[in-house]
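The chain below stands alone, shown as structure tokens; this is the form predicted on its own.
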Amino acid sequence: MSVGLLYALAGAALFAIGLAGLLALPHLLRKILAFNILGSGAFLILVGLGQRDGSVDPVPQAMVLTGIVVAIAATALALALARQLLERTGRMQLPEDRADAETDDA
């Protein structure tokens, strides 16, 4: 097993954990964190599969670096929107998530 394949498998595990957290967790901040874990898994898969015969392909690395910058900006925007939602409603859940949680409690 090569090192690149090991990175890709670890990235797939991170992607699966992030996707499960994104779908299962109702709290908005936890969804944002799960989305970041999902993105980190995708970046790790790109880096791991971007190696050919021991040499590194620079294109996936450039895509990952660009993706990291975009992910930071998207996280900052999501946190700002979550803060506005908390100030306006007093809750950190999206309205459709609250409706699902209320029907589950009944």
Partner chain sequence: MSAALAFDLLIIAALVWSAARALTVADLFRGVVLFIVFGLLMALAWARLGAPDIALAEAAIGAGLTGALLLDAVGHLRAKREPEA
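All of these numbers come straight from a predicted model, not from anything done at the bench. Residue numbers count along the first chain shown, from 1.
Below, we turn to the form predicted in complex with the partner chain, even though it does not appear here.
K.L.:
Wondering, does A13 line up within 4.5 Å of the partner chain in the predicted bound form on heavy atoms?
P.N.:
Looking in the predicted bound form, residue contacts with the partner chain include A13, since a heavy atom lies within 4.5 Å.
K.L.:
Give a yes or no for P95: in the predicted bound form, does one of its heavy atoms lie within 4.5 Å of a heavy atom belonging to the partner chain?
P.N.:
No, P95 is distant from the partner.
K.L.:
So which residues in 21 to 42, when you check the partner chain in the predicted bound form, have a heavy atom no farther than 4.5 Å from it?
P.N.:
Heavy-atom contacts within 4.5 Å come from G21, L25, H27, L29, R30, I32, L33, A34, N36, I37, S40.
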